[in-house]
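The chain below stands alone and is given in structure tokens; this is the form predicted alone.
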Amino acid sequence: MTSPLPDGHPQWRPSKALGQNFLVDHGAVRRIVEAAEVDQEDTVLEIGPGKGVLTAALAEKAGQVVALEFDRHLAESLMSDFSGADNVRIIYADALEFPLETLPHPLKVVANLPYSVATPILFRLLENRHCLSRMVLMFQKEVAERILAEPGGRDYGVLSVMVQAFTRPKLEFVLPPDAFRPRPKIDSAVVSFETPSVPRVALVDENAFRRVVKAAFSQRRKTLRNSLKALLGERVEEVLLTVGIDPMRRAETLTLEEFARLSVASR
């Protein structure tokens, strides 16, 4: 399929601000679709379809593909390119605002996410995980490392805890810059996420869990006694000791289960 508007339109250029790096490696496209385990029963949500290379591959396997594109020129081009595809719907929309609950679900989400908004989009998908069955997403490699990080390392933080509490992430493969046009300056990584119907740790209040995790990492060089004081006040040591956590530990040493216990005690 062609993309006459972006390639031929004199006013259109790939946007650095939008993080537009288009996947051109067809082998990688095939591996992404395979990782998503797409079949004719699936409705697939694609975010940031760009020039439609992944869209076309998904359309061959899925019952329906809904693609959200924030770049108006690209969206118009895609609408033209896929006008004859009954199972592809192109929507000019912002994935950070589009009401995902209006789409048929459970959805599978498959996307080469725009680098500039990849993390906010991932958090929004987590908030809407009840609509999702599986995700296969591409990130900058360093973001993927943060998603997959284990306690004790420098990459372990809010992103690691929040993603791992609600999904089972797995690194699928890493791609070099020459898999894209324009070429980014960094490697990229494809991560798959299973989305279980209940959190992986016992949570009484997800909002309390989120508040505790963010507060704990807000001053990650400090001990929990100090980083959580703004949230818990004078009872910070009491709360930590109640759940068996040494107040002198730092946030990056806590497991998911310890964060969950702490969130319950903090309420």
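Since the structure is predicted, the reported quantities are computational estimates derived from the model, not experimental observations. Residue numbers run from 1 along the displayed sequence.
Another form exists, predicted together with a small molecule; not displayed. Remarks below refer to it.
Asker: Which one, A85, A93, M79, L132, lies within 4.5 Å of the small molecule in the model of the complex by heavy atoms?
Answerer: For this set of options, the contacting one is A93.
Asker: Which of L103, A189, V117, M162 has a heavy atom within 4.5 Å of the small molecule in the model of the complex?
Answerer: Flagged contact: V117.
Asker: Determine which one of 34-42, 207-215, 225-233, 65-73 lies within 4.5 Å of the small molecule in the model of the complex, judging by heavy atom distances; exactly one does.
Answerer: The contacting stretch here is 65-73.
Asker: With a cut-off of 4.5 Å between heavy atoms, is V136 one of the residues that contacts the small molecule in the model of the complex?
Answerer: V136: no, not in contact with the small molecule in the model of the complex.
Asker: Is there a heavy atom of V53 no more than 4.5 Å from a heavy atom of the small molecule in the model of the complex?
Answerer: Yes, V53 sits close enough to the small molecule in the model of the complex that at least one of its heavy atoms falls within 4.5 Å.
Asker: Even though the small molecule is not shown here, does L113 get within 4.5 Å of it in the model of the complex, heavy atoms only?
Answerer: Flag for L113 set to yes.
Asker: If you check in the model of the complex, is V243 within 4.5 Å of the small molecule, heavy atoms only?
Answerer: Flag for V243 set to no.
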